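Coming up, as structure tokens: structure 1 and structure 2, two forms of one and the same protein chain.
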Structure 1
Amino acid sequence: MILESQLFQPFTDEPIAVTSESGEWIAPFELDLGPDKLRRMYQDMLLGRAVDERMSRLQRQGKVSFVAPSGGHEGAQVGIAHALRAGHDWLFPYYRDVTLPLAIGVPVVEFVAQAMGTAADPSRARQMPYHASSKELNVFSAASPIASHIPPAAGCAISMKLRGTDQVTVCTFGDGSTSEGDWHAGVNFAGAQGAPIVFACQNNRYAISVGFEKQTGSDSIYTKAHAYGMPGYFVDGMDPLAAYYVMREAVQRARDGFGPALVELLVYRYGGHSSADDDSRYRPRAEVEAWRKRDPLARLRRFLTRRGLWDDAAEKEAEAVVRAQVDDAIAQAQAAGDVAVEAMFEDVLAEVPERLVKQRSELLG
């Protein structure tokens, strides 16, 4: 179904963009975002990149056990974040989401502490690093088994429809997830039930070392939406404003009762799949460098500069603020200390069975 108010047509042959590589506005409609909103989006991207880079350094120092680099995904993630009503809608993220939870409002110290596994982590070090969550902001815990969060996200959205809550669920994942049965089951269920959910694929074209062409017989992800009775949108994920506008429209469409949508955001990861991956074994350096020239941060900065909303002084000040935020968050996370070993017996069962009471007593001596 195509609505009269729609800005974008589904199933386009070329990825949707609203700004050029040089930062020009090229959309066939007027920009309706104010200066503060535009600057905030860029600052959120700076923060996401800074946190991700610092966590990678801490991993090499042995203070974090695992990272899933997100450099190159910031544009898609900031667009998704700003399209949501934080704390009202639900987000089911995946492990490469860094800018996304931070832009929604997850405190930097909580993200950092979760990666470091200290007592400042709300999950109390029970999850893998880079698996942030927030009860207060309706951010579901990221899951390592890819696509395993897709069916729960669909169920969450269906419950919203049944209860008439005016909420929307957004579920993010990489292209590798679309090769899993859970992905099909969840997307199909949402389509059949007309659930208020937007499935957002951050397609960086690699499932660890497996290139996109070896993952699926189709040319793209968004075209799969045909099979599930929902619109599919193909977006230049290196264009933060394109990601925002398409996601805003898809989220509002779901909120208005027109059902789910599948959005494919074409991005690139500048780092390896994880801290345990040597991407030089399967990706040519020339390819990586070519995509670095399309950096979403540089693209949005050029756009802001063209409109007189940003300059070198603003960049220097913003970088100093971000650096202080990250330094302070790391200091707080470290000062919190380790999670007490007896915490493993807490927050799981409302009534602790006798056998666990005994085990706890034996552990603590």
Structure 2
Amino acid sequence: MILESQLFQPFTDEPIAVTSESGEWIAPFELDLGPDKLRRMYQDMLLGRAVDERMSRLQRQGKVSFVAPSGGHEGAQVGIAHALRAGHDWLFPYYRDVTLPLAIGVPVVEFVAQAMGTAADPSRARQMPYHASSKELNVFSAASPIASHIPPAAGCAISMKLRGTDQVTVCTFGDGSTSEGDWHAGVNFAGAQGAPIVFACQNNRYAISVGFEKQTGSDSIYTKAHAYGMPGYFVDGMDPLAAYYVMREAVQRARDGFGPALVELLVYRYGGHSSADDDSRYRPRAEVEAWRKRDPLARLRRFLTRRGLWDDAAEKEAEAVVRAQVDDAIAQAQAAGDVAVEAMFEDVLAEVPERLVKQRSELLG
């Protein structure tokens, strides 16, 4: 199956990049994104990083119970987000997605309110932080059990195919997910059905402390696509435009009826697995610092600067805008107040069953 518009070959030995570390365009095809789109992608990354860093600060202040630092993943996530038709396609995210839901359009206040567990959270403060969802934007509710969202994502895509909705499902996860039985179950079913889904692995090479070489005997994730009858793409996830272009092609391919794809985006998480982790126990600092030098924000900024689309003044202004956005969202989230205690008994089922009515009375008197 060859697409006429195909820009990328699957199963490359080297990760696909379209810009160099110094921000040059190095792809053998022409850039077809306008200045606004390019700047938008960069601004989305700035926002994602700012939200993530602020949540970490709030966590240290005791205002947020937990964070799963997303720094280093912004390039992959912004690429995925911009490859989707927001509000039309569906995203099945995992807990480290921050830039991704925000770039799709999830309001900052909703993300922040979810993390803070206030009444402005559309999911009614039912989950620990970093599990934001949006019915309006088809951002599915993340669940903590690793890879448990893979079979539901496959089912969603099978439904899209059956109903002929011209939609695509994108499902994200980390490298650790690929060891779960449910990952195999979901990817396998999607492959068997030729469902319109793109599985996007953000491989940061650590599942909490367990390194990639202990996770799998395979030297990569994308090669596993062979076994499921779908193309596997190997992408430099620190190159936001590479993430975007490969995801765009994989999504278009799925939309055109050519079935699923597996995209492995090589990234790095600068922080620990979570606010409860101490990554100095298992990662040399030199490794972290080496990856920080490959920062996806810096790379896209250099690209924009080279093209005259960005400068220090623009950076300063964008940072101020983002800071104000985050401040405002936190204020709004806090102002919404707490969720009522009795809300605990709602949404278990469509209607509160009699037995729960009694248990609610037991609590409230």
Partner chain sequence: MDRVSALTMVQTIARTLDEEMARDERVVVLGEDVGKRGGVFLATEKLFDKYGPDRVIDSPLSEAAIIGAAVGMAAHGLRPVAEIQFADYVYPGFDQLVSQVAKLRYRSGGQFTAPLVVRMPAGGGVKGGHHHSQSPEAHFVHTAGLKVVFPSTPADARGLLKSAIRDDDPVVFMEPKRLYRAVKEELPDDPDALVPIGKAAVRRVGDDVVLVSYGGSMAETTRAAEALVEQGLSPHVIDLRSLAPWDEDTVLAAVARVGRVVLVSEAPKSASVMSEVAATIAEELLDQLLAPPLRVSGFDTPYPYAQDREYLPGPARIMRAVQRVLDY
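Note that the rigid core is defined as the largest set of C-alphas that superpose within 1.5 Å between two forms. Everything numeric in this text was worked out from a predicted model, so none of it was measured. For numbering, take structure 1's sequence and count from 1.
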| task | Name the structure that is the form predicted together with its partner chain; the other one isn't. | result | 2
| After the core is overlaid between structure 1 and structure 2, has the C-alpha of residue 13 moved by 2 angstroms or more? | no
| request: Classify residue 348 as shifted (yes) or not shifted (no) between structure 1 and structure 2, where shifted means its C-alpha moves by 2 Å or more with the rigid core superposed. | output: yes
| request: Using the rigid core as the frame, report the C-alpha movement of residue 360 between structure 1 and structure 2, one decimal, in Å. | output: 2.5
